[in-house]
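The chain below stands alone, shown as structure tokens; this is the form predicted alone.
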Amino acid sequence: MTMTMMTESVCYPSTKDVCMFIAEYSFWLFSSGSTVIRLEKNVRRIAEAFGMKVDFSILPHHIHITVRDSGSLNSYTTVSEIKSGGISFNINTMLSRLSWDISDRKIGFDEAKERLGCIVRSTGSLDPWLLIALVSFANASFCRLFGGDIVAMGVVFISTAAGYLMKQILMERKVDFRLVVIICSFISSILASADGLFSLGCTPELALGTSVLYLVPGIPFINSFCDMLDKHYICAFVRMTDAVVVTACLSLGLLCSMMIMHKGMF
């Protein structure tokens, strides 16, 4: 029994290897829209599976991570930069499943690194045209949900597709996300104004109002509230501020289009 436990302990990776793995894991999980409490549970689960303890703190632009060997004084610290990424429930799910597979001893450290690499490479695997179609259908469904007619739904579909296509183009060119939101909101709302301008349907105001809903930062708002409940006040404040800024940019683009098209609020 003793010899078996010693053999297994030799197979454990070093504190540096675990720390670097957790740093990359934390970056992708947090950037894809995870709450802090979920990140904390997943990271601790991974560290405990390798017989180590982890301490980390999340700042607005960095994650400080320290991994300590529970049986000695060996430790390693690294700082991982936080970059804004697209919200992805698929990435969240795969990374959470990876943490459980590590915890259940289904995979070793080397295989875990390979799995993480595969997950990272799959971030852009969804066809961009399919994504545009799905987002456009979802936004048109919102229009119908609020009482829009079939014409308004069609207008919202086209305006959303155009705006989201522009969003993809601008994001590929590394344009500041706030400017991207302003431009896309302006384009979508300008096109949606055609419903009322040409008297195409009976609910032009709903077409205009729902044409920019795909830009609303719903997940950051929800995550900031969850982080606040878990007493992660710095992350909650940062996420809430980012969400408010994006909402303001959305409103600015919508306001500019309404002024140009002479559309009043009331």
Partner chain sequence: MFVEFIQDALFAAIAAIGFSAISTPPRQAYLYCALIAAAGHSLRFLVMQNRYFSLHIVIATTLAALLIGVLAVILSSKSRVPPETFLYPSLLPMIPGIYAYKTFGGLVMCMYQSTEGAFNHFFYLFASNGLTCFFILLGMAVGATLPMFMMKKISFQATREK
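Positions refer to the first chain, counted from 1. Predicted model, so just to flag it, every value in this text is computed and none were measured.
Although it is not shown, the form predicted together with its partner chain is what the next lines describe.
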Is V212 a contact residue for its partner chain in the predicted complex, using a 4.5 Å heavy atom cut-off?
-> yes
is_contact(R45, its partner chain) in the predicted complex, heavy atom dist at most 4.5 Å | yes
Classify S88 as contacting or not contacting its partner chain in the predicted complex by the rule of any non-hydrogen atom within 4.5 angstroms, answering yes or no.
-> yes
Might K53 be said to contact its partner chain in the predicted complex, defining contact as any heavy atom within 4.5 Å?
-> no
Between 207 to 233 and its partner chain in the predicted complex, list the residues on our side with a heavy atom within 4.5 Å.
-> G209, T210, V212, L213, Y214, V216, G218, I219, F221, I222, N223, F225, C226, M228, L229, D230
